[in-house]
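Two versions of one and the same chain are coming, encoded as structure tokens; call them structure 1 and structure 2.
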Structure 1
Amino acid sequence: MKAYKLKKEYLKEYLKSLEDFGEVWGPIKKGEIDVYEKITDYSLLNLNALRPILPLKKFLIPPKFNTFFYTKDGKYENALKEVKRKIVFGVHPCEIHALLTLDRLYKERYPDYYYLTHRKSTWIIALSCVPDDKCFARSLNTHFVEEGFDLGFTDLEDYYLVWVGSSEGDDLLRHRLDLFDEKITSKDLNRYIEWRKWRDNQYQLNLDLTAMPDIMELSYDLEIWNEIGERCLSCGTCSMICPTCTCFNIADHLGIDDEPGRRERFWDSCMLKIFALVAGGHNFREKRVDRVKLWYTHKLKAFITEFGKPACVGCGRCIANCPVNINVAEITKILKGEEVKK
């Protein structure tokens, strides 16, 4: 990958110029949380944001959207006619790993038209980060990334080292090439390497996922799951904020008289009681403990078995947002017999 330098004083001017390509989005502070939002005032951009409450997946599979319209005479019309191009700035490495996970799910075996349409129209500008006490990306090797982005910005104090990750990224950069410095010296590379070493040592939370699929299998009937199930509120927060959760539902809304009907697709959660409810009133996972075990089996066992890596990227959202402190770090430690704070 080719690299350039961009002085920090030019960042906002550069991002503003990208509006020539489409909408520019980035992390904005909203009270106590950060959100990915369309930027209208670049002074509000939060360059220190760690985990916007809703992850990048909201751009690729929106929380709610119409898939098609239909009429009573059997005619169908695609509801997804045109998707505006978005340039999303400030995406951290762990979240790009989540994006690569979604790519495998939605692009390989059963290509998802809606995902692919949004994916093609969403350009990613990655940004380096420094972890807090909830991040554990290093434990999952998701604290650095070499693919999945169009441009990658690494913060080296007074300037950014900018990596070009795609042909689209090259277009974005060359749009204002006058702001960039092409002369990358050995001093710049050494500074980058030293920063990588320093950043990696900032992780406070470290997990050992060795043999986790086997541990999950052998621990499936432990009494501790019942205790965890009793604590769980079945609120679905974990699914909404997890960057790799993909559960959704479909609803048909019938038109009145000559109005067309529409089919709506929206996020759902396997943690909700009615998710596994089927015709006849049978519920495959009526108990909360069964739903909790399913969620963590997917994150820590099934996905590793299928794809060779967990369906967790160590972003820390579950730690930050679960109201009863059930999260990947806690579950992992419990299953490995480690002491957990009550």
Structure 2
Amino acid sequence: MKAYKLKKEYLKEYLKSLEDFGEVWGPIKKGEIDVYEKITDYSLLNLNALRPILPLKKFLIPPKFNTFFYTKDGKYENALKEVKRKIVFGVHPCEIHALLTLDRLYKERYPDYYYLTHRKSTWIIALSCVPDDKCFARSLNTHFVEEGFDLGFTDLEDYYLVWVGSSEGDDLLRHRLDLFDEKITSKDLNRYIEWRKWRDNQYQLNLDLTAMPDIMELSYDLEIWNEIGERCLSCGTCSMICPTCTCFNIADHLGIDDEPGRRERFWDSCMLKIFALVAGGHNFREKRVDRVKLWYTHKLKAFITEFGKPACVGCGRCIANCPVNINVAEITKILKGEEVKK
């Protein structure tokens, strides 16, 4: 992979120049949290943001969007023809791992038109990160990324090492080649190696997830799950903020008067009671605890069966967002019988 250097003072100028390609998005502070937003004022860009509340999936499958328009006489048309190109800056490795998982889920068996259409228009500029006490990407080996981005920025104090990850990334870079330094010296190399060693040791939260599929299987009928089930608010927050949760529902909205109707697709959560309810009234997961179990089975076991790796990427969003402290770290510890600090 080809790499360049970009002096930090050029960053904002460079990002702004990328508006020639499309909208430039990045993490911006909103109260205590960060949100991926379209950048108009580059001074607002939060380079230290760790986990924008909604992950990258919001670009690829928005929380709600129209799939079809239809008229009363039975004619219908695809509601999503084109998506404006967005260049998303500041995406961390764990999120890119989630993206790679979504790519497999949405591109392989029965490619999803809506995902593909959004995906094609979403260009990614990765940015290295320093973990906080909620990050556990190293435990899942998602703390580093070699593919899935167009440009990859590694923060080496006064400059960024910029990796070119795709042909589109090459276009982005060449757009302002004048700002980049092509010469990588052995000093740069050493600095990079040192940085990696240092950064990989910054993880405060380390989970041993090696035997999770078996543990999920063996713990299935244990009483401890009931306590977790009683605690869960069934609010669905975990599904909304998890970078690999992409369940959805569909609803038809009729048009009023001469307006066309629309078919809308929107995020759903398996934590909601209605999720597995079938016509006729039978609910396959009536009990809260069964829904919590499904969620964690799907994160920590099912994806391993399907894709050879867990769906969890260690981003820490569930730790940061569940109002009653149910999250991957907590569940892992409980299931493994480890003491959980309240």
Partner chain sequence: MSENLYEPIPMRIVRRYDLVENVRFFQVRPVEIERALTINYKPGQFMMISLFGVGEAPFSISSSPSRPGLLEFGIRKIGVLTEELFKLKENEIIHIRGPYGNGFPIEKMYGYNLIIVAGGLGAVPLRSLLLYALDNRDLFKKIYFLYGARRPNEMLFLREFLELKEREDLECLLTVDKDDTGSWTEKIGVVTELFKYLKDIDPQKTYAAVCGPPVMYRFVIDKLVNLQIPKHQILMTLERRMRCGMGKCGHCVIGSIYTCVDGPVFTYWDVLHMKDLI
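Every residue number counts along structure 1's sequence, beginning with 1. Rigid core: the largest C-alpha set superposing within 1.5 Å between the two forms. Every value quoted in this text rests on a predicted model; they were computed, and no experiment measured them.
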Pick the form predicted on its own out of these two and give me its number.
1
Could you check whether the CA atom of E108 moves 2 Å or more between the two structures, using the rigid core for the fit?
no
Using the rigid core as the reference frame, would you say E259 shifts its C-alpha by 2 Å or more between the two structures?
yes
